[in-house]
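Have a look below at one chain only, the form predicted on its own, in structure tokens format.
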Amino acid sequence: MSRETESLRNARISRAQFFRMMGGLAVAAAAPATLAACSTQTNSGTTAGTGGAAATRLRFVGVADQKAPMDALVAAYQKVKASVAIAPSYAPTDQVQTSVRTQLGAGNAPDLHVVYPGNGSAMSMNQIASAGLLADLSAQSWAQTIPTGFKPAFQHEGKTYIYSAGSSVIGAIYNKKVFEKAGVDAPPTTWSEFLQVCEKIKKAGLPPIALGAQTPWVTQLITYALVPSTVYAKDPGFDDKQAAGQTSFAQSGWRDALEMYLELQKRGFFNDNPNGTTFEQQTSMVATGKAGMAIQVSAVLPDFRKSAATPDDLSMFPLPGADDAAQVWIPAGVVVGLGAAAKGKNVAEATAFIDWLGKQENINAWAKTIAAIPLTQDSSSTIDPVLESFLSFTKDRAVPFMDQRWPNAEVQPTHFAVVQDLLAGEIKIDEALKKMDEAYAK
């Protein structure tokens, strides 16, 4: 997610290598700002604590799927280190990508902030680290345990700059009661079966798939869920070939994935006006039984569960992007994490907090809260039961989220835009792929 450099090329590994260690996932909508209890900030960067003692105040700006784990862990850290007050707030992804990135460049960024793994967005680890704006976390204990296959998502030029608690997957979050009412006995395992399931739900009078494409990052998820099967199952080395100029989006199974995306729309399997529907509305539709499913990242499962009268009504399955079940692959990626501003006033305290987050019990707590697979695991680690159907794929049929291998921050927003235009009928697939190839070449 930074501009292509020779060091990044050297750090690239195959997707199979990337996920070999997994046998042992861009995302959030707005959430209200939440500030830790503290009193007036002074010019020195400290606050007066309730007992009158000086405390260091750390600002953290994140995205909504970080709120639940961060709020709980901030409260726990306050008990461990009362002299540090952490004030978290949360913003939509598009705002973070612009405002926080601008603040970083200007030297007035928050002490701690969201960072996306790998490369491909303005707030990705490689983009920020290559500009010298992230504090080096390499000496921290947890950084020594990063699985080899995950290192490109965490490291730039051999140094670690991002903390993340684990990995997530993309698939179909579905309402079990809707499936039952529609006569669907079990989740589909092939594309043809998936279309049949959608047809049954449609005949039952409900939208089979809720799509909140008004929220830009949601637009990418169906493509991401299909491309592992349409591209990487056939050509695991696609990324390296694309980087070498030997192939392109237009010459690959990306075309098939977009055709399948539009087939779902043509057959009436989406809710009305996806481009006018938000992530929050998408979530509510599935959680309350007004739609069958949503193609989403597992990190937002807590949002769906909060909106459901009975959280157990919700489950998740891999979206099958092929008619041969053996050729179905899935996307899985390191979840959004955080880093410390290298030019912040409180770098030592900010990195100390990250070091504390790296303790196994805190990795476990964060991963459990967002239904992620913990980065490292011990006897106390747990995996959300709804992800069990994904685990057999992670050994040799999973690939990182596509943007984590893109060479710049232009491709992802281009992908968002062309999907919205395709859904609106304003462009054709050829033009969409051409625009993505042009963005990739920048």
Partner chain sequence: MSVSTQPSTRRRKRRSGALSPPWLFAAPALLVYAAVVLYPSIAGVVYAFTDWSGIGDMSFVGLANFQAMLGDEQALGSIVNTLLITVAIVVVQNGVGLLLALGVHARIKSQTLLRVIFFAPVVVSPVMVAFLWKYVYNPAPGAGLNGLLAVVGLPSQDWLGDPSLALWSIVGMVVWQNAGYSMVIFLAGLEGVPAELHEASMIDGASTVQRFRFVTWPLLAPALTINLMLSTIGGLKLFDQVFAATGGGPGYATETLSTVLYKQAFVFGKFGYSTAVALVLALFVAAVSFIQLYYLRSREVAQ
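What you are looking at is a predicted structure, and each value in this text was computed from that prediction instead of being measured. Numbering follows the first chain given and starts at 1.
The next section is about a form of this same protein that is not shown, the form predicted together with the partner chain.
message: Can you work out which of 311, 105, 245, 205 has a heavy atom no more than 4.5 Å from the partner chain in the predicted bound form?
response: Contact check passes for 105.
task: Answer with one of 112, 293, 218, 128: the residue that has a non-hydrogen atom within 4.5 Å of the partner chain in the predicted bound form.
output: Looking at 112, 293, 218, 128 one by one, just 128 meets the 4.5 Å heavy-atom criterion.
Segment that reaches the partner chain in the predicted bound form - one of 169 to 177, 139 to 147, 154 to 162, 275 to 283, heavy atoms within 4.5 Å: The contacting stretch is 275 to 283.
field: Three-residue site 94, 98 and 442 fully in contact with the partner chain in the predicted bound form at 4.5 Å by heavy atom
entry: Each of the three qualifies.
- prompt: Within a 4.5 Å heavy atom cut-off, is residue 409 in contact with the partner chain in the predicted bound form?
  reply: Output for residue 409 is yes: heavy atoms within 4.5 Å of the partner chain.
query: Do residue 414 and the partner chain share at least one heavy atom pair within 4.5 Å in the predicted bound form?
result: Residue-level check for residue 414: yes, a contact with the partner chain.
message: Quick check on residue 214: any heavy atom within 4.5 Å of the partner chain in the predicted bound form?
response: Residue 214: contacts the partner chain in the predicted bound form.
- prompt: Does at least one non-hydrogen atom of residue 430 fall within 4.5 angstroms of the partner chain in the predicted bound form?
  reply: Although the partner chain is absent here, residue 430 would stay clear of it in the predicted bound form, with no heavy atoms inside 4.5 Å.
message: Under the 4.5 Å heavy atom criterion, name the residues of 217 to 253 that approach the partner chain in the predicted bound form, in sequence order.
response: Stretch hits: zero.
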